[in-house]
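As structure tokens, one chain now follows by itself in the form predicted alone.
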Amino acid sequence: MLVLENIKKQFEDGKYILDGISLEIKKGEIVSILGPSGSGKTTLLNLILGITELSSGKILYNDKDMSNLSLQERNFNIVFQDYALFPNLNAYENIVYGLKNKPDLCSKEEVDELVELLNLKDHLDKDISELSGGQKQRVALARTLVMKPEVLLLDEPFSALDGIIKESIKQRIRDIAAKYNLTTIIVTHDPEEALTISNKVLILNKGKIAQFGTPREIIESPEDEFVREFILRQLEVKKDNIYNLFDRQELERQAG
């Protein structure tokens, strides 16, 4: 379990970009961090990852205090918005790049399993410039997953995708989280994305938690006017589609 205890981040001008963030994320859950520009969502992602220092508070993982540990010591990993792939390497070389210094971390069979899961078998020999946006996203995911992170963080993973490709990537992220029981945290500005991929959604407003709950709770019981305006007004036309997705997901869970 990942636990945030009264997380605060204060900048040099004295302003708090995050002020009193406390929540628990269970192992295997997909949690989206959602909010308008300036709400603190990217800062929170960076604090969890370990590339930004806390002003105060604690980050615990499986009861271990991670607050002052480096990114490498935390074994959390991120797929950046621009994918950060190496253009001089082909797709397969990008995927296994991190294993150069840790060759025993992931076996060839495990790499092949990820390649199959992400439907990349036909693209392994391609240069990065030959890949579509969705294929680059899947290569970036595979490269991160071969390092076996305890927590997977995704920064705006769907911003460069649309239509069928976006839905395909969302499904693959759900499949990965389920197969590996992998805690996954996603930063997004898009309420529809957050509500249709996540087990829980964290909504930030001016550095504070506006609401933390399941997608259904947020749609049916927004806790204040900000949540109601930010979420429901944008989703009114799509609400029926989202409810249909909830129903399908529930049937899939029951089917096991």
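Values in this document were obtained by computation on a predicted structure and should not be read as measured data. Don't overthink the numbering: it's just position in the shown sequence, from 1.
Not on display, but discussed next: the form predicted in complex with a small molecule.
In plain terms, the part of the chain that comes close to the small molecule in the predicted complex, with a heavy atom within 4.5 Å, is 35 to 43 out of 35 to 43, 213 to 221, 192 to 200, 65 to 73.
The shortest heavy atom separation between residue 25 and the small molecule in the predicted complex exceeds 4.5 Å. In the predicted complex, the small molecule lies farther than 4.5 Å from every heavy atom of residue 21.
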